[in-house]
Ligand SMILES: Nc1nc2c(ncn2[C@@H]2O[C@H](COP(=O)(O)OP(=O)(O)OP(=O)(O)O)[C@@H](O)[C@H]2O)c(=O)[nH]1
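Given as structure tokens, the chain that follows is alone and in the form predicted on its own.
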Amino acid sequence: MKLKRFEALSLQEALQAVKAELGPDAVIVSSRRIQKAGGLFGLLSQSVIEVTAAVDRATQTPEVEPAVTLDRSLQALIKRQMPVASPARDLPKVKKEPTFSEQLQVASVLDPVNQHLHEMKEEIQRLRESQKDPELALGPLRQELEGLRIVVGEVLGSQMHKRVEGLPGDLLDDYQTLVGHGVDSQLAHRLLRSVVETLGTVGMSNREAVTSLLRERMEDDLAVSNPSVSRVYGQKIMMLVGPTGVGKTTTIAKLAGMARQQDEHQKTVLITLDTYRVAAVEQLRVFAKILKIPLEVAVSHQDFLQCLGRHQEADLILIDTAGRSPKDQTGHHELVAMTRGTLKIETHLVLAAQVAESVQMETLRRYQSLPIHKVIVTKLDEASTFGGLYNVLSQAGIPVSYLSAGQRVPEDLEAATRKRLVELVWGDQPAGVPAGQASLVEVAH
């Protein structure tokens, strides 16, 4: 008995090697597909077919029909390679046993199918691994996008540098100042080009006119809205939404205190939906007691509607909501349901000024389905630059209603103006809200 192992790229090639060396009397013992290592660290490895065949030359006689023995081995091999398909159904029926050349023809048909099935198994395995760890699939894509972003950024930066060098007068200094404060380079260049197109190169010598027009152009990119809390305009329902830690509860207290100082006879009601934090409810309870206004706690949407029903005569209803995680789809759907009813609820998104520009943009994206009517910017006193905030507000186009800084209620809250926002970008005045009213209570952010 002679036993030998053959390796080839396909089953057909392996059977031809068996026939060439062992003859048509050979019996296929086993076959399998293996990964053949090659190159440095196996980087050039490839998939091959390994066939083990045997032949007994001592007992072989001319009367023996070797094709039958080899055919039976081949039929067993086909069943192992293609468990789904039925060889008896797929292959044509013949009355006589197939010859070795016919077996080779069958192998030439089955080998591409086996190769395709092997590739499918490998792809399924890769998909299963990527489901267990999404980073396996997303990691290379992120790296490719990051590389593309860097390349595009370098190209744009080179082009922008050439365009900036062509700015007349002292506009190059203005450009560097704006970019240094966090204003987007393309946005800063567009503003300065607008100034040049309006004043002309001759007008660049008038520094006061240049500065005034530049700030005017910056103000034109911003939208503000001063939502009066006076009862003269009828009942107003304001809901504050936003991530955890941006100062929604403190801002609610400041709004209530502002309404109280503007009109002490105005009836204001506080409603909190933030039952996830016990401290938030107790903090609002202290504010409500000092301001002598009622506080309602709503656990569900139905409780919320009942609270509104009990205070239909209220002039101002301020609603505090819980900070939501991006993955909290249930909580987000609850907020959407509250804003989609028949009641006219004015939704204010609270953004913290010291948060990175990318985080602020992501927050806007997450809450845009509510929808967002206005923006309140808080914690101005904790931010060092405001160029990123200017980029976000100019791009979003949502009106800014209030600016908040400091711990005093209610005077550390002011109605937003375009001029004030531009002053923050240039760093003309401290970020804190100017004092001028009596403080009702000192609070922590």
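Start at 1 with the first residue shown and count on from there. Keep in mind that this is a model prediction, so the values were computed, not measured.
Unshown form predicted in complex with the ligand; subsequent notes refer to it.
Shown alone, this chain has one stretch from 237-245, 302-310, 201-209, 216-224 that lies within 4.5 Å of the ligand in the predicted complex by heavy atoms: 237-245. Among residues of the shown chain, residue 190 is not one whose heavy atoms approach the ligand to within 4.5 Å in the predicted complex. Contact annotation: residue 296 falls outside 4.5 Å of the ligand in the predicted complex, judged by heavy atom distances. Put simply, residue 414 is far from the ligand in the predicted complex: not one heavy atom of it is within 4.5 Å. Looking at residue 393, you'd find every heavy atom of it more than 4.5 angstroms from the ligand in the predicted complex.
Contacts between 389-405 and the ligand, taken as any heavy atom within 4.5 Å in the predicted complex, involve 404, 405.
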